[in-house]
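Form predicted on its own, single chain, as structure tokens, below.
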């Protein structure tokens, strides 16, 4: 097994609706949000963790391949490969995103699957968008109120506020793809997964309209392959 190339796919993620990726910080601050977004610790700017994109893309690919129920809702495991509806498709997902920590592979299996090929970078806000927002004295995030409707009384209850990065924000996107032994079959799967992400949503509360995104790639050839990578 030999590393023959590392391809870098770069581009832009544009938010078509507000995005919420939580920081996990449950501490309440005066005037703060009940549910803040994750921010860079030094700049204070919101960003998209690469792990959020990787997890969502893998999940969508596993749903499409019929693998979501094979491992009880957990990421696909190599030990359950025999139960996969399409073993070739399942192997491609394992090659892209890696095996689970509980998998114990023989030497032959390890050589076949190899290391995780895809590496998703954290996505920073584009400087041009930040500068444009600053010039207008606008904030980098918005606060959206949410509540629960009492079905009997028809009244709103349990109000809470959610911090989001607003629609229109743009992030620099990058993912690298290791190519081993000249393999060419993983890029189409990766692009299909990114297409599924664009069709679905990123971050929390996607069923309530959050996290609709549009991806554009710097490389025209990659953009064309992405546009043609329709999952169905």
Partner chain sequence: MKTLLVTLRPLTAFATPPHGDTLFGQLCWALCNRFGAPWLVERLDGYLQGKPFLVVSDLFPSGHWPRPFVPPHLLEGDLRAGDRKKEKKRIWFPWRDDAGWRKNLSSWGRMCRDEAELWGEERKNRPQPHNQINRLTGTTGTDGFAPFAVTQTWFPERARLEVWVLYDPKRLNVAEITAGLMDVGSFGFGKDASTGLGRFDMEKTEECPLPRQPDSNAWLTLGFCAPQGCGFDGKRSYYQPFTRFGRHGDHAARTGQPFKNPILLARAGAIWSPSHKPLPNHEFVGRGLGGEEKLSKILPATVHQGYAPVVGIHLPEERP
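Residue numbers count along the first chain shown, from 1. All values reported here derive from a predicted model rather than from experimental measurement.
Although not depicted, the form predicted in complex with its partner chain is the subject of the following passage.
The closest heavy atom approach of residue 120 to its partner chain in the predicted complex falls within 4.5 Å.
Shown alone here, residue 169 lies farther than 4.5 Å from its partner chain in the predicted complex, counting heavy atoms only.
For the chain shown alone, residue 90 is not a contact residue for its partner chain in the predicted complex, no non-hydrogen atom being within 4.5 angstroms. Its partner chain is not drawn, but in the predicted complex it has a heavy atom within 4.5 Å of residue 59.
This chain is displayed without its partner chain, yet in the predicted complex the stretch 104 to 112 from 141 to 149, 128 to 136, 156 to 164, 104 to 112 comes within 4.5 Å of it by heavy atoms. Not one of 85, 226 and 230 is positioned with any heavy atom within 4.5 Å of its partner chain in the predicted complex. Taking a 4.5 Å heavy atom cutoff to its partner chain in the predicted complex, the contacting residues in 59 to 93 are 59, 62, 63, 68, 69, 72, 73, 74, 75.
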